[in-house]
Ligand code: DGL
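Only one chain is given next, in structure tokens, and it is the form predicted alone.
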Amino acid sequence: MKNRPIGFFDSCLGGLTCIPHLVQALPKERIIYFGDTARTPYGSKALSTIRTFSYEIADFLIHNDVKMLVIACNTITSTCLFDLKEKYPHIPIIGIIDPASKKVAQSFDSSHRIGIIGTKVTINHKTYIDSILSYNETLNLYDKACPIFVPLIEEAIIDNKIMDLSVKYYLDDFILSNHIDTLVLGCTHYPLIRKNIEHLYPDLKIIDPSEEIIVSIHEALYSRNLLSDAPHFENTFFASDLSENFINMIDAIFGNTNVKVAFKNFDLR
């Protein structure tokens, strides 16, 4: 029972940024990951479409006997978390927004000016702002949609002037006009351009939800006596399209360790 895998899913490869933090903190846990590479990005899709895709992926992971669902996607968390919890009440489900919100609420006060960046859907739903204020209503919060980041990251356009210019296009005025001192990376793709952001704005404090979610995963597993005690396993990474970028990122994260990459197709619409 406890040695069943944890199911992670995301609209594409961004959720993979959570995995190194999980492996470091909980090395005995086994992972089944699904990235919907064929239907990405979700950030500009209709809510009904995002919900349909999320149900399909959750059904697939539950069919593979996962003991927990981790929504490693801010867009899905902001739009479908409560729907998924209602549809699958028998399994713990953790979204990526609440853990980071608690971290921000506990770590900062009204003297700070906190920016949140994400996809259009995440920002338009004000999920981070509502979640953070529910824990600490004194904070100064500002948000900004940065829709071009995900497509560039998906194409591995990161370590070059195109990405730096895109970051500056979205963030220069946002940071300056709002006097931002702290930035929440409200999309799991964005840790992949963290170095770009830190280079351009070295005084910013960065909050990475891909790190913060691991605490909540550990707490949920511990409270349900679901922490694995079997260190020998194979992690499996499914994608709806086995793109070169998806495989390259898995290789970069796991190297020569025991990893299986597989294809899973849905009735793509």
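A residue's number is simply how far along the shown sequence it sits, counting from 1. Computed from a predicted model, the values in this text were never measured in an experiment.
A second form of this protein, the form predicted in complex with the named molecule, is not displayed here; the remarks below concern that form.
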item	value
4.5 Å heavy atom contact, residue 35 and the named molecule in the predicted complex	no
Touches the named molecule in the predicted complex: residue 235 (any heavy atom, 4.5 Å)	no
Residue 119: touches the named molecule in the predicted complex, heavy atom cutoff 4.5 angstroms	yes
The named molecule contact in the predicted complex: residue 188, any heavy atom under 4.5 Å	yes
Candidate stretches 40-48, 214-222, 54-62, 196-204 - the one whose heavy atoms come within 4.5 Å of the named molecule in the predicted complex	40-48
The named molecule in the predicted complex - contacting residues of 62-84, heavy atom within 4.5 Å	73, 74, 75
